[in-house]
Each structure stands twice: as structure tokens, then as C-alpha cells.
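The chain that follows stands alone, in the form predicted on its own, written as C-alpha cells.
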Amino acid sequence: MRMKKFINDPKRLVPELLEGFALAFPARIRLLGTNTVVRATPKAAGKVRLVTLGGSGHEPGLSGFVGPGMLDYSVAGEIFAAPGAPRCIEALREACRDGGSALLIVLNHAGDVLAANITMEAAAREGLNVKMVLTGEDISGPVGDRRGLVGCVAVYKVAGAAAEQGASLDSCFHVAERMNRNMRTLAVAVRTATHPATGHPIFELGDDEMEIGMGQHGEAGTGRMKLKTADETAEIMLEKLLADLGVQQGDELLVLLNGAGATTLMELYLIFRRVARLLESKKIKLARSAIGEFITTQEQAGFQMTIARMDPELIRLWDEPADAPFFFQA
């Protein structure tokens, strides 16, 4: 069954959605060319710029996190596809203009990594001052080659805060890497997404089934099972995450719940309620939290759960102001 969508020409889908996004938030972001979202007001000269890249169709991610305290550039690809390297190197040239520097943050997906590696080779040939962080925190994948999921938002937040304060490129890189090493994500799906240009489903799940370990685009998970309650699902996922990260009593955690597109806030708060109670019972401190839709996959139903072990510096950077269209705090 094809999903009904309010679109125009499928070939113009990405330019039109980015144009609409820029028109909706003119005080915060603007377009560079047709597919790169940049801050409306650039950082002061000499401060590190944060650049990311990734496919469209996951709104608000990734371009929804461009703004003071977070990203400076987001290079958007086509639907569920990485942007080409030429567009990425153009963004890095802009970021490094007049002797500046940039931190390129990339989610571990094959197309994104290929584009990023070609971009970094070009940046090296041109003498641009750039470092790259590859996020990969999905525990359903093999250690050493885990997919990047919504944990990238936490990396944007802390590295963006450090850059806003004038930290060096090396310092921003190390903050991003520390957050990356100390976070884990697990996803669950109860209903498929569709490709917005075709309306066709990406995978199939029975009405009484869910699958834990789904990737961002519906890639195969680690366990299909009968649909569980909110509490049961929270318990299954949190226990796996805590074990993988090696969380101990007294640790301080950030918990981020990311709706996949068709999961309601009601459901997310039910899940979070159980997570918070479980952490309390284990004497693990819930230091910070974020609940909402950050990176979606159209109308896929399910969510991603991220935990991150925090230290005083990461908490301080998390608490710094941000003013992106879909992540802002005073």
C-alpha cells in the first residue's frame, strides 16, 4: 500500500523542502546554494566552525541543528542519500575562509563516510584546517563499525558549545570524541517508513510485532519479537544500553529519546517515565534529558534511546545556550 504524501515534483523535493525550511526560520538560518543550510549570522572570525552532512527525509535532522551553540553548516543530500563530495568541500572552504578551521561531524553510514573521506582528502590537498569525527553508537552493530544514530545531536551540542566559547579545533575535536566514546543508542520500530518520492514501504512488520536494533532507514535489527508494553520495551532497551556502556552506580547519564516520525509524545513520555524510575532504582543519576523528534524517518513508528555518560565539562557544555531551529535553550 502506497503512503499518501503532500509533495509536488519528486525530483524537486529536496530543494523545495530546504527552501521552505529557510523561509520558516530566516532569523536563524539561510541557504548557501540550493542544498547547504548555514547560520544566518556567522560566528566571529577565528572560532571553529562545525560542519555536518547527510541525506534528507529525516527532518528536523540534520539541518534543524544549525545555529548559535551548535552547527554552522549542514550539507543536505537527496532523500536518504549522502550529498556529493563537491558540495561538502564547498562548505568546508566557506567554513575555513580567511584562515579559519572546521570540525566535520559525520554519522557512520556507508554513503556519508565515502563522501566525507573524499572531502577530507580534497581539504588536505587545499591545506584547509579540518578535523573529522565519525559518530557510531548503535549497539546493534559490531564494535568498531557501529552506525551513527541520534547520538550525533549530543555531539553537535557539546562541540558546538565549545566552539562558541572560542575553544581551539583540537579542543573541540577532543570534546566531540569524548561524547562519542561515552554514548550508546538502540532503536526499535513497530511500523515501517516509506520513501517519500515513491510512497513504497522500506520493510515489513506484522501488526503484532516490533523489532529492536533497527537502523535509521529501516535496516535489519537484532531481534524481532511480539509487541511489548511501554514499560517492557523501556526495560529491554535500557538494560542492553547500560550493559554495553558499562554504567555503574553513581554514574551521571544523559538520556535522549528520539521519536522516529509517527510515535507520539505520549508514548515517549511513558517510555521515559520507566527509564527514569529504573535509573533511580539502580542509583544511577539522570543528569540531563531530551525527549522529542530529532532525526526521523518519515512516518516510521518507533524510537531511538540514547544514553551518554556525562562528566562535569560535558554537563557544562550541554547546559550552554543554543539557538537552532529545533534545539534551543537559554
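Just so we're clear, the structure is a prediction, and the values are computed from it rather than from any experiment. We number the residues from 1 along the sequence you see.
Same protein, other form: the form predicted together with a further copy of the same chain, not shown, and the subject of what follows.
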Considering a further copy of the same chain in the predicted complex, which of 126, 145, 170, 207 comes within 4.5 Å of it through any heavy atom? 207
Please pick, from 155, 92, 188, 107, the one residue with any non-hydrogen atom lying within 4.5 angstroms of a further copy of the same chain in the predicted complex. 188
Would you please decide whether residue 39 lies within 4.5 angstroms of a further copy of the same chain in the predicted complex, comparing each non-hydrogen atom pair? no
With the partner left out here, check for me: in the predicted complex, does some heavy atom of residue 81 sit within 4.5 Å of a further copy of the same chain? no
Heavy atoms within 4.5 Å of a further copy of the same chain in the predicted complex: does residue 315 have any? no
Does residue 302 reach a further copy of the same chain in the predicted complex, with heavy atoms at most 4.5 Å apart? yes
For the chain seen here without its partner, which of 240-248, 69-77, 110-118, 255-263 has a heavy atom within 4.5 Å of a further copy of the same chain in the predicted complex? 255-263
Residues from 12-32 in contact with a further copy of the same chain (non-hydrogen atom within 4.5 Å) in the predicted complex: 13, 16, 17, 19, 20, 21, 23, 24, 25, 28
